[in-house]
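Only one chain is shown below, in structure tokens, and it's the form predicted alone.
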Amino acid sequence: MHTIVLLKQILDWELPAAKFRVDPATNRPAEGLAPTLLGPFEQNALELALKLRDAGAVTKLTALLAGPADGVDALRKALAVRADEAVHVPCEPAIVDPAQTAALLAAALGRLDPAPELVLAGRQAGDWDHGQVGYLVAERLGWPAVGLVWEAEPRDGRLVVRRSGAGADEELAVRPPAVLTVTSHPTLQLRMGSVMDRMAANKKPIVELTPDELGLGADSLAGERRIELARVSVPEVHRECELVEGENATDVAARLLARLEELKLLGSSS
């Protein structure tokens, strides 16, 4: 079963909020804030694909990414854990619309050989948090989709998947072709590639499919847009601190109560 993992390279999610800045000219994070990394949910999806290959369900594993040039680093990481192939669809970083991303990915999937039977994606991207791309790809392919999956195993020609449901875990049987979006779970920590594998990954070729080659040039891709991004800004948070002092604990409590009443922060009592 040819399995595809959809990847995305994002700004380091451990960047302190106090250091985060938006460039008003581009509506994107300012340059040089932090390195970009393979997203956490994409790492979960990649590990689940590797587990399926360990179980003998995957005959070929391909990493696919639509994004700017730094996305090649995420593809190299996939190759370092022994993905068989890496495919890059280069596009401008300004493309944040999930429908456009899904259009590029679905078109690229149609060019892969052999034809894919299973697509794994992170439950959502760790930057914009849309949580839509996997399902939009499934819609374009006409495949069923199962969300919030954290385990999958082959059984009698189907995949038995476990997913996080509303207040309980659910177990479903899915017959490929299908799309699974993968959530975080302690069992899905991405394994480390060996030193030799990482060195080999840096030498492996990465297949490039441009939007023009996929029939999605600038005009066609613009027609796929469903979201117009007007402005991105960091919320301004104002905090005030007031110290209530007194001669002793009883005095402090009395003054605190009086201050809360003055500020009308206490509910009326009957």
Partner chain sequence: MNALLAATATREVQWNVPDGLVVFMYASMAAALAIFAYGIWRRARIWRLGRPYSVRGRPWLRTRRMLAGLAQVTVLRRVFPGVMHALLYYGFLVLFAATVMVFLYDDLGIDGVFEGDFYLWFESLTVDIFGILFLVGAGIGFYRRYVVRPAYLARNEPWDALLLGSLFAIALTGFGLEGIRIEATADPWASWSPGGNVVAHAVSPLSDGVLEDVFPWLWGLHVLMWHVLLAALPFTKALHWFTTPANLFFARPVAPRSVPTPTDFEAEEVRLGIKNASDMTWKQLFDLDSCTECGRCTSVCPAYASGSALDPKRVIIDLRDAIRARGLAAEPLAGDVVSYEALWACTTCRACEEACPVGIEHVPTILGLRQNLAMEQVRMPGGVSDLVANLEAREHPFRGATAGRTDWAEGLDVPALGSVAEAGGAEVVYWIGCAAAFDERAQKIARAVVRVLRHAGVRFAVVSSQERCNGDVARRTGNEFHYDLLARENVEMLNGAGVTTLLTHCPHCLEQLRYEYERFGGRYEVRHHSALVSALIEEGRVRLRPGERERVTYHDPCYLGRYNREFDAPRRVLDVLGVERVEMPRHGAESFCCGAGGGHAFFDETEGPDKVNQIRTREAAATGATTVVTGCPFCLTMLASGARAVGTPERTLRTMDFVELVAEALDE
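Positions refer to the first chain, counted from 1. Bear in mind that the values here come from a model prediction, so they are computed numbers and not experimental data.
Here the subject shifts to the form predicted together with its partner chain, a form of this protein not shown in this document.
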Where does its partner chain sit in the predicted complex: which of 217-225, 198-206, 60-68, 24-32, heavy atoms within 4.5 Å?
198-206
Are any of the heavy atoms in Gly193 no more than 4.5 Å from a heavy atom of its partner chain in the predicted complex?
yes
Does Lys19 reach its partner chain in the predicted complex if we count a contact as any heavy atom within 4.5 Å?
yes
If we define contact as a non-hydrogen atom of the residue within 4.5 angstroms of the partner, is Glu262 a contact of its partner chain in the predicted complex?
no
Do Asp12 and its partner chain come within 4.5 Å of each other in the predicted complex, heavy atoms counted?
yes
Would you check whether its partner chain, in the predicted complex, lies within 4.5 angstroms of a non-hydrogen atom from each of Lys8, Val72 and Thr210?
no
